[in-house]
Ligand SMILES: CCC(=O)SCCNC(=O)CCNC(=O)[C@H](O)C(C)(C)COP(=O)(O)OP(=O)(O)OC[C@H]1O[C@@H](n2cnc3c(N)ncnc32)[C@H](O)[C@@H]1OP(=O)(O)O
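Starting off, we have a lone chain in the form predicted on its own, written out as structure tokens.
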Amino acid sequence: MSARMVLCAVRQHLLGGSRGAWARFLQRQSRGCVYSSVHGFQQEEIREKLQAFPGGSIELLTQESGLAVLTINYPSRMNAFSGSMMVDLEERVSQLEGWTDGKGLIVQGASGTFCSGSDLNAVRALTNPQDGMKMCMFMQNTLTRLLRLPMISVALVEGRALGGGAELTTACDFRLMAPGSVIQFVHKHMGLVPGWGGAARLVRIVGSQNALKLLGGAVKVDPELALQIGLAEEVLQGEGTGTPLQRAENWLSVYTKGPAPVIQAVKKVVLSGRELPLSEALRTEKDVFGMVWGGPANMQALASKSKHR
């Protein structure tokens, strides 16, 4: 069992016990271990199964500015996730969790397409319920950790985001759509429901009624509808103003300007407000406030009297 899985198991055990303050601390610090060995989930076992279905890659580029770009790269399959790509994604998320200078993340697909879900070769080989559940748990863990990264994340949707690709967009804080792009939860057509956490996240983004419409109708969500229901923040319009990635970087830079510890603190307090009961969120906000109060950025701002600029 990996060190991460041991830590997850300890967290889950303590959170279910009576060791109040320590359990709350672990809950606030958790990176997103939804499942562990306590739930019968063995990460290394499913990693080995997934690695048996190779193809494509997940590429990560980090920049000195504190911005990272994660690219889903399997153009011959419309950037569908092979088994090995699922493992790649988990490894890239681990890298980002350890990136102390990170402030922002853009998730995109290669060659003008976001992601068409799961590669059918892997899906057909994992059709027994046991393997399907393990893959589901693996991807829920990974995408929850992606959403909980201490940086502001954006899904840059070009072309189509289908099935698991649509679910991936919901694991980012924001979604930007290029003209002509589509987000579609096609799971119903496959006799399924989302299994990577996409349904739960979708409800939080657009509300239960809109989520029912998108899932029950397998609705093709174009940029106009996405803006209307709150699934997307902006449509990247305009020719001659740079590539969609450059425009997404410009959009994100508005929210990541400033020292990394401050941007990370902003993400942490928002995350706690979204996920924790109010009393726990308030305690977390107090703890994070204590980490930046009197810190370099705070002292510099006080010295320059920049509060109202």
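Computed from a predicted model, the values in this text were never measured in an experiment. Residue positions are given as counts along the sequence shown, with the first one as 1.
FYI, the form predicted in complex with this ligand isn't displayed, but the following is about it.
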item: Contact test in the predicted bound form: residue 90 vs this ligand, heavy atoms, 4.5 Å; value: no
item: 4.5 Å heavy atom contact, residue 163 to this ligand in the predicted bound form; value: yes
item: Non-hydrogen atom contact residue 116 with this ligand in the predicted bound form at 4.5 angstroms; value: yes
item: 4.5 Å heavy atom contact, residue 200 and this ligand in the predicted bound form; value: no
item: Location of this ligand contact in the predicted bound form, chosen stretch of 92-100, 225-233, 141-149, 184-192 [non-hydrogen atom, 4.5 Å]; value: 184-192
item: Heavy atom within 4.5 Å of this ligand in the predicted bound form - residue from 137, 80, 211, 107; value: 80
item: Answer option from 111, 237, 128, 76, heavy atom within 4.5 Å of this ligand in the predicted bound form; value: 76
